[in-house]
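Single chain ahead, written as structure tokens, the form predicted alone.
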Amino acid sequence: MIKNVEHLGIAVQDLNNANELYRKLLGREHYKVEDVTSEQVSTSFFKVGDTKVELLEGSDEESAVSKYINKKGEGIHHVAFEVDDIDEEMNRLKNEGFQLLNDTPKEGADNKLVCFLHPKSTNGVLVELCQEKE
């Protein structure tokens, strides 16, 4: 079952410039920068209340984030929801008719297992499921 909004993912052209912009906007420093080689992105996280803002910069022109920026420009890329059991939630959502972009959870940023749902099955929104790795 979905517990809460874990983070909002924002695609950016330049992570350093975006970190400075969001530092000014949110009045705090990012707490983590991480490369996620499986997704070909560099990420930065800001804590905002009980949720997070994740900035994503493509580390390769062929990455999904780079392609997204080339097509749509910078902006909100995805909404991530926290779950207790990602395998169970993936099965539930698949049975409900949602299209999963990966058949098994994969390692994501910030010590998470993740799975993405295709925007065609979620009213145009890329949805990420996140479970804390044990």
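Residue indices: 1-based, along the sequence shown. Keep in mind it's a predicted model, so treat the numbers as computed, not measured.
Keep in mind that the form predicted together with carboxymethyldethia coenzyme *A is not shown, yet the notes after this line are about it.
Chemist: Considering non-hydrogen atoms and a 4.5 Å limit, which listed residue (E39, E74, E82, E89) is close to carboxymethyldethia coenzyme *A in the model of the complex?
Modeler: Checking each option against carboxymethyldethia coenzyme *A in the model of the complex, the one that comes within 4.5 Å is E39.
Chemist: If you check in the model of the complex, is K120 within 4.5 Å of carboxymethyldethia coenzyme *A, heavy atoms only?
Modeler: Looking in the model of the complex, residue contacts with carboxymethyldethia coenzyme *A include K120, since a heavy atom lies within 4.5 Å.
Chemist: Report whether the minimum heavy atom distance between R28 and carboxymethyldethia coenzyme *A in the model of the complex is within 4.5 Å.
Modeler: The answer is no: R28 has no heavy atom within 4.5 Å of carboxymethyldethia coenzyme *A.
Chemist: Even though the partner isn't displayed, in the model of the complex is T43 close enough to carboxymethyldethia coenzyme *A, meaning a heavy atom within 4.5 Å?
Modeler: Yes, T43 lies within 4.5 Å of carboxymethyldethia coenzyme *A in the model of the complex.
Chemist: Going by a heavy atom distance of 4.5 Å, is K67 a contact of carboxymethyldethia coenzyme *A in the model of the complex?
Modeler: K67 belongs to the contact set for carboxymethyldethia coenzyme *A.
Chemist: Just give me the residues of 119 to 134, first to last, that have a heavy atom within 4.5 Å of carboxymethyldethia coenzyme *A in the model of the complex.
Modeler: P119, K120, G124, L126, E128, in sequence order.
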